[in-house]
Ligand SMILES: Cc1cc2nc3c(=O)[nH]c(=O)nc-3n(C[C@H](O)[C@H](O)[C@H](O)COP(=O)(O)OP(=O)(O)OC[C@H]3O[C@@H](n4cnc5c(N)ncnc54)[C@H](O)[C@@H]3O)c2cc1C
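The chain below stands alone and is given as structure tokens, in the form predicted on its own.
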Amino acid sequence: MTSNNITTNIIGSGLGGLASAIRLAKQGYRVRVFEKNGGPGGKVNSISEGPYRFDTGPSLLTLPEMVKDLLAEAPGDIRRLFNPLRLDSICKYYFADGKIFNAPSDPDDFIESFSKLTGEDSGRIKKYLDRVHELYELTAPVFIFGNFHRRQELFQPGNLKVLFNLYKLNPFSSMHAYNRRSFSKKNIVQLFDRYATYNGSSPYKAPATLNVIAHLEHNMGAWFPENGMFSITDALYRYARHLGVEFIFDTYVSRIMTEGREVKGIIAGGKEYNSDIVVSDSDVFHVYGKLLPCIKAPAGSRKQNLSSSAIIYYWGMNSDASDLELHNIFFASDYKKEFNCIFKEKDMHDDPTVYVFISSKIVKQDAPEGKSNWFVMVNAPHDSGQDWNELVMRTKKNILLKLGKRLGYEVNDMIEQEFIIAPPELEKNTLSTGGALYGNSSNSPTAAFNRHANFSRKLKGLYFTGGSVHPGGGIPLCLASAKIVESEILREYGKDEH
């Protein structure tokens, strides 16, 4: 069916909301985006402290072609805002046994150098990378880019290959168990276990299917935008405005209006905005708890096991950090205990894995000459009433001790500017329940199927995008969710020829 000037209200301007706005505007729909904050981006945002600028969210890019595809028809000045650079080094790893590994982006170099460092058989590493490549080819069309919540799509002939090869997905083995069987050396097991954190899960509980994440970095390459991660938000926002999308900032959406089994618009800033379609780029638990309080979320996607959150220290440093790379990880000595603290004890481990991201390594204007901007993050439990002031200070002390020991100098003496975000602030800034970064974790074999669909089975005209719904968190998955939303809306409403 086609209509005349179909109106869509989008709640939230994260990457899922921005991508949905672009896709629907190109289909001729009238699109309005409502954002409670003063600008676009959601978790992919930017803050400044004195002369230092920081990207606030995701810090490594895979599948950059997904952003390029969205911008393919944008004016040249907008396309040029996003210039992804392929990294020579994915990450510099500091292991608890004293070994340091600067992981090359080239797969063959990665295999050779890691084998030489650890003594792991190079054939095992190559076999593992080949397996996760096969896993990606098998699962991506269904679990990332497809809408398996529609039975007619799940059972299409092209997807039967997945159904017939379910045993290859290893859904009933944990990531850690699979990695431990694949390798003989502890360090390489820990390196590949860490990919569970990319969707806020534990490698000791998440299904081995999620080892597919390693394929994106180690076989397809790691990237970083020339102008920082926020340039993705900036380019998409400018293109959406170029297409006529209306943005209404500093405006909180308090209700999704319904009539019978259909949406009729939203209430935002105390005003009613009627629309044929509502697309939510807000945390799905917030939507059902606050915006649709009379409607229960589908049973499978109700709050069961929230993902991890984070404590982030933004440090402006009086040092150029010449010994560090763009991405650096200082591993915990007891990885299992760290995840047990996060998910079972809801506490911070005294020896946390520390991630240090320094965008000024590439974006020179992010810090004054001779200085650097450190984004220092540790995984944390979601907020369930802990004393976060105590946890933040205790964790900072442990981070400084750890970094000082490994780097050989007093990191605290170099901090000129500091800004800290903990789970309560993450919840306030992004409306993510408990500050959980990815909605539910993937700590069960059925987690992927329990993620909320990109459409509502109860209300016509209601759709969902972003990291808390199918297919999950992270830039490529959020962009994939927007594409699924577009296909679902076109299925129901067609292209607007207005």
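Everything numeric in this text was worked out from a predicted model, so none of it was measured. Numbering starts at 1 and runs along the sequence shown.
Unshown form predicted in complex with this ligand; subsequent notes refer to it.
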Specify the contacting stretch among 202-210, 316-324, 245-253, 121-129, defined as having any heavy atom within 4.5 Å of this ligand in the predicted complex. 245-253
Does Ala448 reach this ligand in the predicted complex if we count a contact as any heavy atom within 4.5 Å? no
Check Ile484 for me: does it contact this ligand in the predicted complex (non-hydrogen atoms, 4.5 angstroms)? no
Is it the case that Tyr29, even though its partner is missing from this view, gets within 4.5 Å of this ligand in the predicted complex, heavy atoms only? no
Using a 4.5 angstroms cut-off on non-hydrogen atoms, would Cys478 count as touching this ligand in the predicted complex? yes
All of Gly17, Ser59 and Leu431 with a heavy atom within 4.5 Å of this ligand in the predicted complex: yes
Taking this ligand in the predicted complex as the reference, which of Val354, Ala196, Ile358, Leu426 has a non-hydrogen atom within 4.5 Å? Leu426
With the partner omitted here, the residue among Gly461, Pro64, Pro471, Gly42 that in the predicted complex has a heavy atom within 4.5 Å of this ligand is Gly42
Does any residue in 9-42 get within 4.5 Å of this ligand in the predicted complex, counting heavy atoms only, and if so which ones? Ile11, Gly12, Ser13, Gly14, Leu15, Gly16, Gly17, Phe34, Glu35, Lys36, Asn37, Gly41, Gly42
